[in-house]
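Starting off, we have a lone chain in the form predicted on its own, written out as structure tokens.
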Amino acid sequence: MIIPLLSAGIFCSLYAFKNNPSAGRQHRPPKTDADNAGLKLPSGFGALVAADSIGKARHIVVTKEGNLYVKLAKPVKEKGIIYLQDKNGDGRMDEQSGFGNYGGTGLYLKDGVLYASSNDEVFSYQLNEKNEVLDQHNPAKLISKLKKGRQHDTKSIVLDNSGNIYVNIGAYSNSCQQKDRTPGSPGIKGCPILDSAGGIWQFKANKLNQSYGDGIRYATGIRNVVGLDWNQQNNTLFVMQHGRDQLNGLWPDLYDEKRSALLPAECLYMIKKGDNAGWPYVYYDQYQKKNIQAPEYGGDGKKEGSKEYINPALAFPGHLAPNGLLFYTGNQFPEKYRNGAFIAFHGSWNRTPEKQEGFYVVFAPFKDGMPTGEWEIFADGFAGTDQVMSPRDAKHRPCGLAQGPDGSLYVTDDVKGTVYRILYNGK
């Protein structure tokens, strides 16, 4: 009785392998690059280049089959979403196609639907049982007519577990001055920008043709967010804000170049409905550990802002440009990474006379849904040099983050269109 059962098992395995040649390899971790794709990683980790030269790669999602969807800032050959497949199971994407003739940043996959954003609209694509898009040419238009300006126009997106989609609408201003980025120009009282931008809006994930009147201004006073994620431990939205610029350039009597290069903090906020993070009236000073009144609104670099504004859950050095946020829920990495946050810092442009900073992925441990207060650089070397004096010096700039079904970490680069895959091998 045992022999026929074994034979049947072998037959089924051979049948599966014949119909899916990569099936026999899918449990084997791919071989990482000898130089870890140029990255500096903690001991026991390795990396490989999963894809390269695909365009200005922004946010990314990974299907349970291990295939990738990548949103491009600008379409390449009329394709703004790139679909990548690893046909031979070696960890490198060897088949590429695309669809969606629009640029943008936002991309999210949940419950058989792919969500993608342009800089003023949000679309959804139904997927089949293999997580492939059923109709690439006719996505459902969920949201439109969102405010965009010449700065902070990307629309990052994330979904909760109750059928809602959250959209960042960045402020099309540095600090809501009467004359934007003009030395000495005062702030506009009441900042009208906040009516339609400078915050997070909530919409229904399954309702068509929505705009402002159909949504909720979920949180305000947030200058711009590119990286955001939903924390499953405490069922709460977290966002990484891009802090304001040019304290010295606009207010040289109050801030010297050194302070301006380091302030204000890049802030990780835990966001609940009705929260106000205080932009443009305050900024967070990571050294004084408090919200400081903005100079456009009567601040002098020391005066504390109103207590009505929330404080960040975690503060990072200024001007690092956080573009990706991911809570790690996989099992491949060591236990300390479980439920913690990975953040991709795209890199600064305005830290002169200091060298530019960022161009790396950091890790912040969490406990019970909140950061412990410590963080560390996890993946460095994207820039290809330790002395970045201008963003143009960086060969690669990390942007999007995603977790693979095996627990590996994917990182996109929007300079040369590289997709990195980071794995833990324990060696």
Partner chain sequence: MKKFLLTILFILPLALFVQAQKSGKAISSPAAARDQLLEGKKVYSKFCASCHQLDGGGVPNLNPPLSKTIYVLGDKSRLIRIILNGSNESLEIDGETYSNPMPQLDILKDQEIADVLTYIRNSFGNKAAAVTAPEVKALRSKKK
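Quick caveat, the model's predicted, so the values are computed rather than measured. Residue numbers count along the first chain shown, from 1.
Just so you know, the form predicted in complex with the partner chain exists too; it's not on screen, but the next bit is about it.
Mapping the unseen interface onto this chain, residue 389 counts among the residues with a heavy atom inside 4.5 Å of the partner chain in the model of the complex.
When contacts are judged by a 4.5 Å heavy atom cut-off, residue 349 counts as touching the partner chain in the model of the complex. Among heavy atoms of residue 168, none comes within 4.5 Å of the partner chain in the model of the complex. A residue is said to contact a partner when one of its heavy atoms sits within 4.5 Å of a partner heavy atom; residue 356 meets this definition for the partner chain in the model of the complex.
A heavy atom within 4.5 Å of the partner chain in the model of the complex is found for one listed residue only; from 181, 338, 273, 207, this is 181.
Residue 150 is the only one of 189, 150, 130, 137 with a heavy atom lying within 4.5 Å of the partner chain in the model of the complex.
At a distance of at most 4.5 angstroms from the partner chain in the model of the complex, none of the three residues 53, 110 and 416 contributes a non-hydrogen atom. This chain is displayed without the partner chain, yet in the model of the complex the stretch 389-397 from 389-397, 375-383, 42-50, 61-69 comes within 4.5 Å of it by heavy atoms.
Residues from 214-252 that approach the partner chain in the model of the complex with a non-hydrogen atom within 4.5 Å are limited to 246.
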